[in-house]
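Below sits a lone chain in C-alpha cells, taken as the form predicted on its own.
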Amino acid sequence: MNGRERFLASFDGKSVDRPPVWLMRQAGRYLSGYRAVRAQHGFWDVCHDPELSTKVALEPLARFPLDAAIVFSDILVIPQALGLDVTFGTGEGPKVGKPLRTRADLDGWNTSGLIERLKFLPNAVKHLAGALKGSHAMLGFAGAPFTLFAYSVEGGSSDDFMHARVMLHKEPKLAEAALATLADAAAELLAAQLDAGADAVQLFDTWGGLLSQDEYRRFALPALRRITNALRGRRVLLFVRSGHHLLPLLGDSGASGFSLDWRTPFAEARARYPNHVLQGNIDPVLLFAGDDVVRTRTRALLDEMKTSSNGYSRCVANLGHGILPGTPESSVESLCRTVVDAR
C-alpha cells in the first residue's frame, strides 16, 4: 500500500498492514524549509499562494515517512473572508480588528460571495493534490464553529475567552446566529476542498474544551451538525482539544471520526466509538523528551490500537495536538519510523 491507499483503507474500516500516520501541524516552524519561506513571505501570502502553500506542505513528506499531507492554511481564513480584519503580528497571536459584540456587528459580516474570497484554499488543495499524484492522502480543514466564534468575539487569542463564553449566556440568540453563519461558511469551504481533491477534512475545535457538556450540547453541537449534514457521506474528522469530558457527546456531531488529544486514552474512546475513525493521541511535549521516550510512547499507542480495534482498522497515528515550535526533527522521525515498523 502507498500512503493514500493505507489512509483510505483504514478510514473506511478495511484491513491495513499498519496504521497510517500524519501529524497535526506537520508543516511548520520546526522545519528549516518552512522558516526559510517565512523569512521571505508573510503568513497570509503563503496561505494565498498555491505554489508556496504546496512547497511547505511537501517538506515534511520529503523528510519523514508520512502517509498524508494536509493543506497549509489557517483556521481564521473564514473570519478574515467575512471582513473581520484578521492579522498576525510578528511573534504575536492572531488579532481580530472587528470583533463581534453586537447584532449590528453580525449584520455587518460579508457573507455574499464568501467562497470566491476563499477560493485560494481549494486552489491550494488542487495544486497540492496534483503534486502528490496519489502517493499520499490529502487532507483539508477548517475551524470548528465555536472556535471561530471564540476568536471572533474575543478579538484575538485568550486563555479563557471570557467575552465569547459570556455571550453564550447573556445573548444566546446572537451567539446561535453567529455560530450558524460560521458553520455554513465552514461547510461551504470544506465541500470546496473535498471537491478540489481532499480525501478527508478535519474540523479543529481548539477551544471547544472550555465549554461544559451542557454548553457544548446547546451551542457547539447544533453548529457542527449543520456542517456534517451538509457533508453527509464524506469523510469528516473532529478534533476537540482538552475535550475528554465531551467524549460522550461527540458521537452526536455527525463526524466520521475523532482526533483525540493526549488526555483521552485511546482504548476508552474506542470502547465508546467502535465504528468511528480514531486518531491521535501522543502528547506533543513528549517529542522534546528524547527518541527513546518517543518510541516507547508510540509503541504503547500502537498496542492500544491493535488490541482495542480490529487490527489497525479505523486507526490513524497522530499527535494529541500540533507539533510545537522547536521540536527536534529526530523525534518526529522516531515517531514515524516506529509506526512504519508496526505489525
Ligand code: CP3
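Quantities reported herein were computed from a predicted structural model and do not represent experimental measurements. Throughout, we count residues from 1 along the sequence that is shown.
We do not show the form predicted in complex with the named molecule, though everything after this point is about it.
Contact here is defined as any heavy atom lying within 4.5 Å of the named molecule in the model of the complex, and by that definition not a single one of 18, 262 and 303 is a contact residue. Residue contact with the named molecule in the model of the complex: residue 53 places no heavy atom within 4.5 Å of it. For residue 284, no non-hydrogen atom is located within 4.5 Å of the named molecule in the model of the complex, even though that partner is not displayed. The shortest heavy atom separation between residue 26 and the named molecule in the model of the complex is within 4.5 Å.
A residue is said to contact a partner when one of its heavy atoms sits within 4.5 Å of a partner heavy atom; residue 93 meets this definition for the named molecule in the model of the complex. Screening 178, 211, 71, 164 for any heavy atom within 4.5 Å of the named molecule in the model of the complex leaves a single hit, 71. Checking 109, 266, 219, 204 for any heavy atom within 4.5 Å of the named molecule in the model of the complex turns up a single hit: 204.
Judged by heavy atoms within 4.5 Å of the named molecule in the model of the complex, the contact stretch among the candidates 222 to 230, 96 to 104, 109 to 117, 72 to 80 is 72 to 80. Contacts between 310 to 343 and the named molecule, taken as any heavy atom within 4.5 Å in the model of the complex, involve only 321.
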